[in-house]
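The chain below stands alone and is given as structure tokens, in the form predicted on its own.
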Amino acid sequence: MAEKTITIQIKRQDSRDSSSYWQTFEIPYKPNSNVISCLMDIRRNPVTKEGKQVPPVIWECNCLEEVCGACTMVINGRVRQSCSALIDTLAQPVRLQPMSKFPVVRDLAVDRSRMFENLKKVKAWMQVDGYHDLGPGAKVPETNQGIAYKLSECMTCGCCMEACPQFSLNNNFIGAAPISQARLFNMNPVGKFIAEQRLQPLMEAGGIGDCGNAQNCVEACPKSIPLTESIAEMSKQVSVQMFKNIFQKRS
């Protein structure tokens, strides 16, 4: 009886500036395998289906439990985490591609620096006035706690950016994830003190006005974060801030 195998087609690229090409690999089937374990099998013996010895495939991964966001790639045409993509649920041949909205470093690894730079723009952090005892913090309403917890699950994986028709390699749209993180920190009792600074980049070119409301982001998010709700909320905050700015100039 012939051994059951898995066929995997990988879109490869040797460097940032080189052209991409496809290679096909065939590995023994193992039940309950995920895409990462298959890539590890290929790395141990990087020989194509045609029998050609090739350099090992490059990809990123870390936590292997859908928390870090590093292993994002396009699997059978859908952007997702490769650690949670089980081979038994995927049609063969399994086609693996790097995300198209970020520069390819090599093979399936991409440079997500733009996402982190956009998080810097909206100051997606808490400003702490030293490390001394500041006393008890402000109370957070229970409803806000639930919203904030869900927003905090963002792992900067890039799925929402990859699925967004407004986000591309050649434009400056800030994207859904940073917009949602701006909402998270603006609703915090401490973070809200610099809310206006977070809203400013959302009012500029590439800000929230560039969102086309396609809603692909919320469909692609592996954590089911309510990104469209965040975009709607931040649109309101931006509108209010714009009127504040107008009246401040007149006074």
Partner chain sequence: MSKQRVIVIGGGLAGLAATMKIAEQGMQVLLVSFLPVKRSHSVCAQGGINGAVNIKGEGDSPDIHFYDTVKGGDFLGHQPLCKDMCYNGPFVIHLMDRLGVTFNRTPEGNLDFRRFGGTLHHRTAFAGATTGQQLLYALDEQVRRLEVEGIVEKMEWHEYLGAILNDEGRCVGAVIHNLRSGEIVSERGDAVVLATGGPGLVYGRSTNSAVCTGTATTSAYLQGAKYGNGEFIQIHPSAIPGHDKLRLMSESARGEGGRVWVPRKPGDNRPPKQIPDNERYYFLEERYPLFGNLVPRDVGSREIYDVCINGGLGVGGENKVYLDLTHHSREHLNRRLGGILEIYEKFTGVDPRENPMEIFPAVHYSMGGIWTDYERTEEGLINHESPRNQSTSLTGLYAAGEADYQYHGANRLGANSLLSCIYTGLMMGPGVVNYVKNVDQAAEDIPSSVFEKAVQEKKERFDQIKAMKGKENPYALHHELGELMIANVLIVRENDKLEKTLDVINEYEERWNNVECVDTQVWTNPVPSYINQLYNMIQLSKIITKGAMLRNEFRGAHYKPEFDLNQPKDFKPETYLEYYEQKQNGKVNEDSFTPEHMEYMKRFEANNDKWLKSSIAQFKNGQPDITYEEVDTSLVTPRPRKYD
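Computed from a predicted model, the values in this text were never measured in an experiment. Positions refer to the first chain, counted from 1.
Keep in mind that the form predicted together with the partner chain is missing from the display, and what follows is about it.
Engineer: Taking 4.5 angstroms as the cut-off for heavy atoms, does Lys236 touch the partner chain in the predicted bound form?
Structural biologist: Contact check for Lys236: no, nothing within 4.5 Å of the partner chain in the predicted bound form.
Engineer: So in the predicted bound form, does any heavy atom of Asn32 sit within 4.5 Å of the partner chain?
Structural biologist: Yes, contact at 4.5 Å.
Engineer: Decide whether Glu229 counts as a contact residue for the partner chain in the predicted bound form under a heavy atom distance cut-off of 4.5 Å.
Structural biologist: The answer is no: Glu229 has no heavy atom within 4.5 Å of the partner chain.
Engineer: So, Gly77 and the partner chain: in the predicted bound form, are they within 4.5 Å at any heavy atom pair?
Structural biologist: No - in the predicted bound form, heavy atoms of Gly77 and the partner chain never come within 4.5 Å of each other.
Engineer: Any chance Ala70, Val110 and Met126 all have a heavy atom within 4.5 Å of the partner chain in the predicted bound form?
Structural biologist: Yes, the whole candidate spot contacts the partner chain.
Engineer: Going through 22 to 51, which residues have a heavy atom within 4.5 Å of the partner chain in the predicted bound form? Please give them in sequence order.
Structural biologist: Those in contact are Lys30, Pro31, Asn32, Ser33, Asn34, Ile36, Ser37, Met40, Arg43, Arg44, Asn45, Pro46.
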